[in-house]
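The chain that follows stands alone, in the form predicted on its own, written as structure tokens.
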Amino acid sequence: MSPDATLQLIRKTKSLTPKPFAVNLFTHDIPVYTDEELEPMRQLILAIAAKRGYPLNAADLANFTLYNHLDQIDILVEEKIEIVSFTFGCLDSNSIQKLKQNGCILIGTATCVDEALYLQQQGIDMISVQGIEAGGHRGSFIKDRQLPQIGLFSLLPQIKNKVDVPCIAAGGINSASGIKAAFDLGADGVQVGTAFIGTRESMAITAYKNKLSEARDTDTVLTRAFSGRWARGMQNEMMLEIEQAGIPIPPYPLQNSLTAMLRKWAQERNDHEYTSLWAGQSAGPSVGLSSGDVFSQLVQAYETLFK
């Protein structure tokens, strides 16, 4: 997001609650690129849009303004944000110092033991341990290494044995039994995402919510098609067309910018085949429920396990 968009959302959230809330950052690098390098993917996206009947043109897929966490740190300090989580890497030392001086709690994301150790070495307060089951983008950031694909319940105890900071279990958790299993393996907290996509407050399109409610255990896959970074979501036509085209996929956030307008058109038309459908491996029916209901049901079911 741009700094202005970040500021607007922070102030809107403050207008709704006096309580602390977290802001999540993407700590990615901005890649160096030439327009010619993007042209093959640009032409593919234009062809896909034309076939689907969406009015894109080359100007919609050019002259991107790209942001990362460095554009947002000063706003977080000025707005006295008390909790900052991040993924795709680690905050730079200067940003860590600024936020710490502001009394901010920092939560990083690790998908393997070495990433967790690095985050602890940088003074990060808590670690979100992201298993391969998790929906959305992978938080992996150690370069020149194959993408870590470790299941949460294998990864969690290994990280807990190596670090001293609190660990939050993330990936495939959407039931009381899953929460209990995570705590039994040493988690200090759990992180639930996919269970809230189908709720009334969610901005996910209706077709996305309906697909999620019908999802089977094999329906999600890892892909770089939508954003240029590995992410887990439900397979659809757009994903397959990009992956099978044989065209190199530009890195994040370039691919994310190239596909953004097409995904926006698809969302406006409730078209689940041409937008990203991020979801973890434990998708469940939550369509029509409030987020408060989902949260309360998880807590009550967990408490029932101990009665």
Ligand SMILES: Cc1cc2nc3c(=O)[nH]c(=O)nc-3n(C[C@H](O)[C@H](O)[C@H](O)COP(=O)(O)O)c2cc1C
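From a predicted model like this one, the values you see are computed outputs, not experimental measurements. Numbering starts at 1 and follows the sequence shown.
Although it is not shown, the form predicted together with the named molecule is what the next lines describe.
Q: How about Ile197 - does it come within 4.5 Å of the named molecule in the predicted bound form, if we only consider non-hydrogen atoms?
A: Contact check for Ile197: yes, within 4.5 Å of the named molecule in the predicted bound form.
Q: Is Ala134 a contact residue for the named molecule in the predicted bound form, using a 4.5 Å heavy atom cut-off?
A: Result yes; Ala134 sits at the interface with the named molecule in the predicted bound form.
Q: Examine Phe26 and determine whether its closest non-hydrogen atom to the named molecule in the predicted bound form is within 4.5 angstroms.
A: Yes.
Q: Flag Ala170 as yes or no: does it have a non-hydrogen atom within 4.5 angstroms of any non-hydrogen atom of the named molecule in the predicted bound form?
A: Yes - in the predicted bound form, heavy atoms of Ala170 and the named molecule come within 4.5 Å of each other.
Q: In the predicted bound form, which of the listed residues (Thr87, Asn236, Gln72, Thr223) lies with a heavy atom within 4.5 Å of the named molecule?
A: Filtering the options by heavy-atom distance leaves Thr87.
Q: Check each of Asn102, Ser175, Gln122, Gln191 and return the one that places a heavy atom within 4.5 angstroms of the named molecule in the predicted bound form.
A: Residue within 4.5 Å of the partner: Gln191.
Q: Tell me which stretch of 27 to 35, 277 to 285, 238 to 246, 63 to 71 has a heavy atom within 4.5 angstroms of the named molecule in the predicted bound form.
A: It is 277 to 285 that comes within 4.5 Å of the partner.
Q: Given a 4.5 Å distance limit between heavy atoms, list every residue of 227 to 245 close to the named molecule in the predicted bound form, or none if there are none.
A: If the 4.5 Å heavy-atom criterion is applied to the named molecule in the predicted bound form, 227 to 245 yields nothing.
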